[in-house]
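Alright, here's a single protein chain in two forms, structure 1 and structure 2, each given by itself as C-alpha cells.
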Structure 1
C-alpha cells in the first residue's frame, strides 16, 4: 500500500508527489494520460520547470515514486486536477468535473481512516461536495465520518515552484478539526514554513482571495495603461513616479492576465456571490478587455503599411515559463493571425512548435530573425532573451511594448 496517492500530475501534482517521495514517502502519482505516466516512470518530465527534472529523476530512482493511470490503496489521497471555468447563459461558471471524476475514482480503493485532500483551487464548498460524491459511491460500505477531508490550496509560482513549495506558508482547512491537524502533519514532512489550520470553506476562499487581490491590482494598472494611451502619456514613467509615494505600489500593466490562477479564480467568487462581487467582476472585465485594446493598437499601426509583417514576441502567460494556459498573448496572436495570416511571425523561446490554434496560420522564428523581417513588433511577454535584444534591432520598426521591456514602447 502507498503512503500517498496524488491524482493529477501537472504543474502542481507532479512536484508535490516528487517532493513527498524524496522525503521517504511511498507515492503513487495518477494521471489519465498514458504518455504522462510513461514519461514520469522513465524519470523524465512533460512540463517545463527549473530543476523539476532533477527532483523527479531522484524520486523515481529512489523507488518511492511510481506513476499509473488509476488510484491504488493509500493512507492519503491528494487531488490536484484542473478546475477550469465555462460560459453558460452569459455567466462564467466553475467546471468541477475533473475534481468529481478524481473523487469518484478514489471510491474504488478507499478504506476507513483515509485522509482526502483537495489541492486544486476551487469554489467555496467544493471539499464538501467531494465528501458527498465519495459517499454516493461507498455509502453501503462506510459511514460519513470514516474519512477525513481537507482543502490545502497550493501557493506556488511557475518558475519558482520547488523553492516556494517548501518555503511558502500553507493553509490546512479540514471539514473537521481532526482533518485539519492530519493535513498539517502531512505537509510538515517537507514544508519549512508555517502551516495554519482552519475550516475548509475559509481555506477555499483564502486562495480565491489571494488571486482576486492580485487581479484587482493588475486591473488598476491595465486601466491606467489604456487611459495613458488615450492621453498620450508614457504609463511606465507615470507608474514609476507615482510609486515614489511611500504608500503607493502600483503593479505593472501587460497585455491581459493569464494562467490557471489569477485569470480563473476570481470568477469562482463572482459565481458564488454575483450580487456582492462587483469590484472583482469589474477587474476581471478590465483585464479580459486588455487583449482587444492591444489588437486595436496593432490594427491602427498596420494601416500605414500596404502588407504589414507583424512579429509577436512571446506566447506564454508570464515571463520565463512555457505555460500557455489562459494566455492573453496567445489570444492576441491567434486574433492577429486571423487578420494578417501568414504575415504573422511568432517568437516563443520556450516552445519548439506552434500551438494547434496557430498551426498553418503563422510562422515560428527566433526573435532576431522575426524582428528583422517585421514592420511591427509586438512585445507580449518580457522573457529574459527579449530583454537582452540589442535596441538597434528595433530601428525602423513600429514597436508596441505591452510589458515596458523597450523604452518608449507604450502599453
Structure 2
C-alpha cells in the first residue's frame, strides 16, 4: 500500500509527489495521460521548472515514486488536477469535471480513515462536493464520517516552485478539525514554514483571494498605464515617484495578465457572488483589455510606415520563464502577425522554434538582429537578456515598451 497517492502530475502534483517521495514517503503519482506516466517512470519530466528534473529523478531512483494511470490504495489522496472555467451566456462557469472524475476514481480504492486532500484551486464549496461525489460511489460500504477531507491550496510561484514549496506558509482547511490537523501533519513532512488550520470553505476562498488581490493590484497599474498614455506621461516614472510614499506600493503594468492562475481564479469569486464582486470583475476586464490597447498603440505608430517591420520581444507569460500558455504577449504577437504578415519578427530566448500558432506567419530571431531590421520594437516580456541590450541599438526605432524594460518607455 502507498502512503500517498497524488492525482494529477502537472505543475503542482509532480513537485508535490516528488518531494514527499524524497522525504521517504511511498508515493504513487497518477495521471490520465500514458505518456506522462511513462516519462515520469523513466525519471524524466514533461514540464519545465528549474531543478524539477533533478527532484523527480531523485524521487524515482529512490524507489519511492512510481507513476500509474489509475489510483491504488493509499492512506492519503491528494487531488491536483486542473480547474478551468468557461464563459457561457455572459456567465463564467467553473469546470469541476476533473476534480469530480479524480474523486470518483479514488472511490474505487478508498477505505475507512483515508485522508482526501484537494490542492487544486477551486470555487468555495468544492471540498464539500468531493465528499458528496465520493459518498455517491461508496455509500453502500461506508459511512459519511469514515473519510477525512481537507482543502490545502498550493501557492507556489512558477519559476521558484521548489523553493516556495518548502518555504511558503500553508493553509490546511478541513471539513472537520480532525481533517485539518491530519493535513497539517502531512505537509509538515516537507514544509518548513507555518501551516495554519481553518475550515475548508475559508481555505478555498483564501486561495482565490490571494490571486484576486494580485489581479486587482495589477489592474490598477495597467489602468494607470493607459491613463498615462492618454495624458502623455511616463507611467514608469510616475509609479517610481508614487511608490516613494511610505504606504504606496503600485505593481508594474504589462501587456496584460497571463498564466493559469491570476487570470482565472478571480472568476471563481465573480461567478459565486456576481452582484458583490464588482471590483474583482472590473479588474479582470481591465487586465483583459490591455493586450488590445497594446495592439492599438502598435497600429497607431505603424501608420507612418508603408510596410513596417515589427519586432516583438518576448512571448512568455512573464519574465524569465519559457511558459507560453495563456500569454498576453503571444496573443499580441499572433494578432500583429495577422495584420502585418511575415514582416513580424519575434524574439524569445527560451524557445528554439516558433509555437504552432505563429508557424509560417512570423520569423524567430535573436533580439539584436531583429532590432537591427525593425522599424518598430514592441517589448512584451522583461526577460533578463532584453534588459542587457545596449540602449543605442534602439536609436532610430519606434519603441513600445509595455514592461518599462528600457528607461522612458510608455506602457
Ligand code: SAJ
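All values reported here derive from a predicted model rather than from experimental measurement. Numbering follows the first chain given and starts at 1. Take the two forms, superpose them, and find the largest set of C-alpha atoms that agree within 1.5 Å; that set is the rigid core.
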*Either 1 or 2, the form predicted alone*: 1
*asked:* Treating the chain as two rigid parts between the two structures, do residue 405 and residue 244 fall in the same one?
replied: yes
*Please indicate how large the rotation of the smaller rigid part is between the two structures, in whole degrees.*
7
_I need the CA movement of residue 362 between the two structures once the rigid core is aligned, reported in Å._
3.0
